[in-house]
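A single chain, nothing else alongside it, follows as structure tokens in the form predicted on its own.
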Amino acid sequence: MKRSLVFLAALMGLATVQAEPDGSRLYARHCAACHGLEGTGGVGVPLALPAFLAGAPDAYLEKTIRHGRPGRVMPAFTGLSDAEVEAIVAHIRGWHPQAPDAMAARVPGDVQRGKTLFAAHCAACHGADGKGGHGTGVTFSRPRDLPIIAPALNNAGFLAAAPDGMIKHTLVHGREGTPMTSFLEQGLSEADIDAVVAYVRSFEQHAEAPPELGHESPVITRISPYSLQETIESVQRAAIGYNFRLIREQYLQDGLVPEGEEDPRQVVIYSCNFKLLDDVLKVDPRVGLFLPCRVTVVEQEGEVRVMTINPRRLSYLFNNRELDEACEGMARMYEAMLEEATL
């Protein structure tokens, strides 16, 4: 009986150990696609940089996972448990085990002086209003010799996660392996650095907020007064008129049913405006998921419908404010094309 109790206790202990979250697996599942399996970066910043981890408290990493970066690429992982977040942070910390000492929540400084210094020393990379560098961080949207895009400093997620002491540490020491150099080496005093920190903290008054989804339909739809074939030809002419090159025309069910059994009343027209494609891919390569442009023409119960995906809806899912602007322009272009095709 005694042996049975000992064995049962051992099994219970083993189950407890097994139930603990695996940080490496959680990181691979939730983080590696953007930050790289080894933390070398990609769409996301390189997390394994020693200079980054030397100045990033664990609390900063935890809050970044929780809050994300509203309006940018980094989402908020609200569905993870506290234990799972801590496990991911422990995995990241494994690349540089020495965590920084406790950092001051607030650093006093002259905000107006900081604004002047920010314009002279920070705005070229981080933007005049702290909105961050252009692009997402992947090599297609930045110079290949630039390992990281300057982050958005006026972002609500960043400001909620980063204590003033961390911002000051970055300014004092710079970030080896990135374009960020020490402000002390640039000739600024500690009082100057405190002023810049105070100015960055002032961004909290007008920090970038999450984009609103609103009531956008996932599909842009128009009713055509023409026959199916006339509508297809009209869509093709409209696409050409907006500098789209026709790629192909195929049945919607192509490849989904045996050849010859496709419904001829459901047709997809593929086309591409290569300048538009190049411009938006530089903003965010993930936009390739819904490009080139596809217009579907369907005849059902005597009515011909023309449909295309709504870029406004998709841009919200991608969480990139710069992409929102590009997708707004794309949506207006698609609406104009469909209007012209169904006049």
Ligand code: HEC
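The shown structure was predicted, so the numbers you read here are calculated from the model rather than taken from an experiment. Residue numbers here begin at 1 and follow the sequence given.
This protein has a second form, the form predicted in complex with the named molecule, left out of what is shown; the following refers to that one.
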Residues H30, H126 and L171 are flagged as a possible site; in the model of the complex, is every one of them within 4.5 Å of the named molecule by some non-hydrogen atom?
yes
Looking at 305-313, 274-282, 39-47, 289-297, which lies within 4.5 angstroms of the named molecule in the model of the complex, counting heavy atoms?
39-47
From I220, A160, C122, M103: within 4.5 Å of the named molecule in the model of the complex by heavy atoms is C122
Assert contact residue (the named molecule, in the model of the complex, non-hydrogen atom within 4.5 Å, options I148, A238, V268, A90) equals I148
Give a yes or no for S234: in the model of the complex, does one of its heavy atoms lie within 4.5 Å of a heavy atom belonging to the named molecule?
no
In the model of the complex, does A198 have a heavy atom within 4.5 Å of the named molecule?
no
Residue-level contact is defined here as any heavy atom of the residue lying within 4.5 Å of the named molecule in the model of the complex; does M180 satisfy this criterion?
yes
R175 within 4.5 Å of the named molecule in the model of the complex, heavy atoms
yes
Considering only 55-74, what residues come within 4.5 Å of the named molecule in the model of the complex, judged by heavy atoms?
Y60, L61, T64, I65, R69, R72, V73, M74
